[in-house]
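Two forms, one protein chain; structure tokens for each follow separately as structure 1 and structure 2.
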Structure 1
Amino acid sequence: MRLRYIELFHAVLTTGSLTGAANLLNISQPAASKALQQAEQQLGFALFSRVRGRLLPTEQALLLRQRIEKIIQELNELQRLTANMSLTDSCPLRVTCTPALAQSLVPDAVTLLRKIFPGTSVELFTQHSAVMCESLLLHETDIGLTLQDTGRQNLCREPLCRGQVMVIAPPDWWSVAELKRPLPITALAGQPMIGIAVQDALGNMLQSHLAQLSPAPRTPVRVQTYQLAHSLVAQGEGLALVDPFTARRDGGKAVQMRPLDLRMDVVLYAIYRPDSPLNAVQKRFLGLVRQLAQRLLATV
């Protein structure tokens, strides 16, 4: 089965028509038509049945679908990888971080770095953890910064600093005296909370803790990022459990925060490929991030 046929098959399935597929592949409709016929002839069975002038995938086609889509995806990844490899070393510092860290930590670190190395060019991305790993493996970026426990992948993981899970609340929720003390998790029972989407490892873990409370906290709203949670809390929608960086956003003015009394730290990790050792600029950058993070977490 020629790659050409595979692409065409995929294009027809995604667009739903041969004409659409032809457009997707930037070829004319007759070219697509001919190619599809050749593919079917070579295979020995029909991929689509022509019913009332339309293409309808056959049973066999549906059996092939998953495999073909997997191959297409891997070819795309290969494409991305080779594209990035050809422009290797074009940029000394390519960093991706989660949205929570993109708020101030990473930009601040970049600013500091560019004072030390004025000429340096920098590329920044914000991505969620799964995409981040992919991006690193495909050489699109060189360093990832995340609060997630991104296991398994064959990537190096270096802890930069540790912090506490924080509870944030609308202004004037707690008294000044209370703010000093960690909040016992039981105090969250029955409270209105902003939930974090399931794909988040930390959020997931916290969620299972919360589920054991009785009455369980109400989480009518669920968001993907800690930043959204922060904003909603600031607007009085409820409490939220967030990382210590998000909690300190805006200098901690918009919301109140208290550490959660929990035997579990939030860890800021730097992740990178094991094969390519970090260069001097990258190492210095990580040093700055660590320094800034520690200083930030020291503030109340």
Structure 2
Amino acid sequence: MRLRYIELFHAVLTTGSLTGAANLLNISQPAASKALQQAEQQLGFALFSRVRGRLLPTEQALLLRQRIEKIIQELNELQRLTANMSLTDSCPLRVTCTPALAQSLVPDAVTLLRKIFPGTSVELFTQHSAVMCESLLLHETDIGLTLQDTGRQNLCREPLCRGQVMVIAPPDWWSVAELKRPLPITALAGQPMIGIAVQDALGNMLQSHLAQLSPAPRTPVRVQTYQLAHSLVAQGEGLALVDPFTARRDGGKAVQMRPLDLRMDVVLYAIYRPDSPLNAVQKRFLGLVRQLAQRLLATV
């Protein structure tokens, strides 16, 4: 099946008519009709049947649909890749980071970098780790910052610093003496907690430890991000387990925090493509991120 037939097939599926498909592909309606006839002759079966003025896919076409849509998606990604490769020189610093790092760390590093290199143009994106890897491979971004070990063999992974999983609580939850000590995970048994439904390595590992507690923590509220958990804890809804950067959000003034007494490091990684060596601006940016992160994690 030729590529132009694949594009036409997808356009008709999308619009439901030859006229709509022709407009989408910027060709005439007679040209679209002729191409569809040629595609069906080549395949030996009809792709569409006309019902009340609309073209509906035949049974054979429905069997092809998933494969066709996958090819179209790959073509779109190829177009994005080639377009972004031509724009790389005009965007010396394109950074994507997870939401937890977008609160203060990355903006602070960009502000410092712009003082050193005033002419630097910067583009910032917030993405979860899986999407982040795709944006790097498609050349949409150049550096990713994440707290997850992505395990992608086709990306370089550079650890910048290590921190601890933190337990955060509403103000005045713990005494001054208690704040000086790590919290055993057993102390969370039966406690009111904000459940975090994050499908990542850190979230899954923490959930497995909490599942072993008896009685189980009470989790009437579940959220999708550590930032939402922080906001709810600050309003007195219970405790939460978060990364060390989220715990120190707003200077750590809105909540109390204690390290969790558990052998589990949270690592800040920089990820980037091995075929694109970092330039001086990008290297300086990562140096600033490392310095700021280490300084932030050293605060109580």
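Note that the structure is a prediction, hence the values are computed from the model and not measured. Here, residue number means position along structure 1's sequence, counting from 1. Note that the rigid core is defined as the largest set of C-alphas that superpose within 1.5 Å between two forms.
If only one of the two is the form predicted on its own, which is it? It is the second structure that is the form predicted on its own.
Quick check on Leu232: with the core superposed, does its CA move 2 angstroms or more between structure 1 and structure 2? Leu232 C-alpha, core-superposed: shift of less than 2 Å.
C-alpha of Leu64 moved at least 2 Å between structure 1 and structure 2 on rigid core: Indeed, Leu64 is displaced by 2 Å or more.
Spell out whether the Cα of Arg263 moves at least 2 Å between structure 1 and structure 2 when the two forms are superposed on their rigid core. The answer is no, as the C-alpha of Arg263 shifts between structure 1 and structure 2 by less than 2 Å after core alignment.
Can you give the C-alpha shift of Arg52 between structure 1 and structure 2 in Å, rounded to one decimal, after superposing the rigid core? It moves 7.3 Å at the C-alpha.
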